[in-house]
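Only one chain is shown below, in structure tokens, and it's the form predicted on its own.
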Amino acid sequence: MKIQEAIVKAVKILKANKIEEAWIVSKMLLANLLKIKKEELTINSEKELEQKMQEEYFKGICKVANGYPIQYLIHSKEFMKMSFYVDEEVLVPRADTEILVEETLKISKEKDKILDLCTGSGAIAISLLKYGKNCKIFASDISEKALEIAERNAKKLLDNSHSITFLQSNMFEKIEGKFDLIVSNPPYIRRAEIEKYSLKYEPKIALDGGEDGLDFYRIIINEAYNYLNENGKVIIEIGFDQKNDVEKLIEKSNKYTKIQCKKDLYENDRVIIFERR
């Protein structure tokens, strides 16, 4: 089977299973297996694909057709113009989360001390240090394996990775000191809805926000106040339909002021910012 024939067959399998961007996905996987650039597939389209490579390729295509993230197969996801290593230990970074980073960069100041809760692959923390104002970043996660991946990404993507301190902590449990900004993309999917999305292969610990999806917001809202400097701010990502519920929790706490909500590129409510009273 020639390279082009393999791609065409792969696209048919993916489209039959309603996988979006089937052409891009099929080329991405094959280029990764052949260790060439996607553009080179066209140049080499008439070359024969070895039987062993065919088997490996279509094994991967079938996994993707069943909902397995292509990013886990190629161990890469672009975020904020950087290529992050990812595997099943961390959530695949989403483009929506770039809004959280961009809004944080807008309000951060020179040498701010920033805490990134639930850092996962380190996408937020690393992006803030890459594009930020000489800030000191602390990145925490409950998962030791996630932190290993975050550290790996920091060393790969940053010249000043020493400016991030990685901490294993269950939310604020082992956090010490105070911060100018606390940012987080916490688990916020309602438990009963996790299986409805293409999320079954991603770590549930990074997705499960409890019965109503608000468990981690309650923790952040209740405890962040004690870890913020005067006029310190919290910046959190939310689900598209969670704005009202999260804002009510913030208001009810009576610990914060200046509540703002920012939309993502699809005009969905995506980021809430609030300030310590």
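Keep in mind that what you see is a predicted model, and the values were worked out from it rather than measured. We number the residues from 1 along the sequence you see.
Missing here is the form predicted in complex with glutamine (GLN); even so, the following discussion is about that form.
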Item to complete: Flag this candidate site as yes only if L91, I189 and A206 all have a heavy atom within 4.5 Å of glutamine (GLN) in the predicted bound form; otherwise mark no.
Response: yes
Discussion item. Given the stretches 220 to 228, 206 to 214, 40 to 48, 27 to 35, which is the single one in contact with glutamine (GLN) in the predicted bound form, using a heavy atom cutoff of 4.5 Å?
Written reply: 206 to 214
Practice prompt. Counting non-hydrogen atoms within 4.5 angstroms of glutamine (GLN) in the predicted bound form, say which of I74, L105, L199, M80 makes the cut.
Written response: L199
Worksheet item: Just to confirm, N185 within 4.5 Å of glutamine (GLN) in the predicted bound form by heavy atoms?
Response: yes
Fill in: Any residue of 215 to 244 that, in the predicted bound form, places a heavy atom within 4.5 Å of glutamine (GLN)
E237
